[in-house]
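Let's start with one chain on its own, the form predicted alone, as structure tokens.
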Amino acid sequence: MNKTTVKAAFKASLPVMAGYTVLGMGFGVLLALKGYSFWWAILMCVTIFAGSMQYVGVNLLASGASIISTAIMTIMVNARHLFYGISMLKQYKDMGWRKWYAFFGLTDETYSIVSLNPDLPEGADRRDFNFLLTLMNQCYWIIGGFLGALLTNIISFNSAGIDFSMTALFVVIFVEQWEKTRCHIPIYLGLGVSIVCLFIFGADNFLIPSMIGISAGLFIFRKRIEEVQEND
């Protein structure tokens, strides 16, 4: 891994660093308020590394949810990562052993950067770039979770609204994708299918049907999307 690749990955990760450090702290705060030590925050950030699921996991741990309930909730919350991974099979196929970690650490924000296939400086290796970007992003999340859990045991404050931080981040990602791409078909599909499924299945059960519907829509309009992207 040369310095050019490391610098390129670090530069690309800076926006994520700003978000993940704060969001990770929010997770750490919520976990600590439920009575768990900062070691739990570190363990979850290292082994799970799924921002929205970790926020949900705080309440699952605190309520003593069953394994079955936890498994179902995990599938509902993280179903989108399956489709992220499938779409990255071609780009990650030549990464060797690094691809296993790249798939494990493929969060919404990392996917948002990697899927745009950003231009790299001369001498930078894209395989190392993808790996390092994923690793740096997880490190930011771990640091944030650790600091949030640790500081909560030292400083008392009102934590109201912290659980909304993930929603705010998704809005930012949506806006960024809208501005950087000419092809808005996936965005229209995502919004349209999600709204329809919300009305049909309700707020508690619409996620998985939405993902299935969006995947079907992307498959149907795949050629059109590729044509627009090639002309971009």
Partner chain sequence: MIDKTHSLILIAVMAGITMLLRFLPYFIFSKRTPKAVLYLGNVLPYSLVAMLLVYCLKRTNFMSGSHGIPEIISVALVFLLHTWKHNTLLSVLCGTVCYRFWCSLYFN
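Take the two forms, find the largest set of C-alpha atoms that superpose within 1.5 Å, and that set is the rigid core. Positions refer to the first chain, counted from 1. This structure is a prediction, so every number in the text was calculated from the model and none was measured.
Beyond the structure shown, there is the form predicted in complex with the partner chain, which is absent from this document and is the topic of what follows.
Peer 1: Considering only heavy atoms, tell me if residue 149 and the partner chain come within 4.5 Å of each other in the model of the complex.
Peer 2: Result no; residue 149 lies far from the partner chain in the model of the complex.
Peer 1: Mark residue 164 yes when one of its heavy atoms lies within 4.5 Å of a heavy atom of the partner chain in the model of the complex, and no otherwise.
Peer 2: So residue 164 counts as contacting the partner chain.
Peer 1: Evaluate residue 200 for contact with the partner chain in the model of the complex, applying a 4.5 angstroms cut-off between non-hydrogen atoms, and reply yes or no.
Peer 2: The answer is no: residue 200 has no heavy atom within 4.5 Å of the partner chain.
Peer 1: Just checking whether residue 81 would be counted as a contact of the partner chain in the model of the complex - the rule being heavy atoms within 4.5 angstroms.
Peer 2: Taking the distances in the model of the complex, the answer for residue 81 is yes, it comes within 4.5 Å of the partner chain.
Peer 1: Does anything in 37-63 come within 4.5 Å of the partner chain in the model of the complex by heavy atoms, and if so which residues, in order?
Peer 2: Read in sequence order, the residues that approach the partner chain (within 4.5 Å, in the model of the complex) are 40, 43, 44, 47, 48, 49, 50, 52, 53, 57, 60, 61.
Peer 1: Aligning on the rigid core, do we see the C-alpha of residue 214 shift 2 angstroms or more between the shown form and the other one?
Peer 2: Residue 214 C-alpha, core-superposed: shift of 2 Å or more.
Peer 1: Superposing on the rigid core, I want to see if residue 194 changes position between the shown form and the other one - specifically a Cα shift of 2 Å or more.
Peer 2: Yes, because once the rigid core is superposed, the C-alpha of residue 194 moves 2 Å or more between the shown form and the other one.
Peer 1: Quick check on residue 68: with the core superposed, does its CA move 2 angstroms or more between the shown form and the other one?
Peer 2: No: residue 68 shifts by under 2 Å between the shown form and the other one.
Peer 1: Shorter or longer C-alpha distance for residue 204 and residue 22 in the model of the complex, given it differs from this form by 3 Å or more?
Peer 2: Nearer in the model of the complex, by 3 Å or more.
Peer 1: Have a look at residue 22 and residue 179: in the model of the complex, are their Cα atoms closer together or farther apart than in this form, given the change is 3 Å or more?
Peer 2: Compared with the shown chain, residue 22-residue 179 is farther in the model of the complex.
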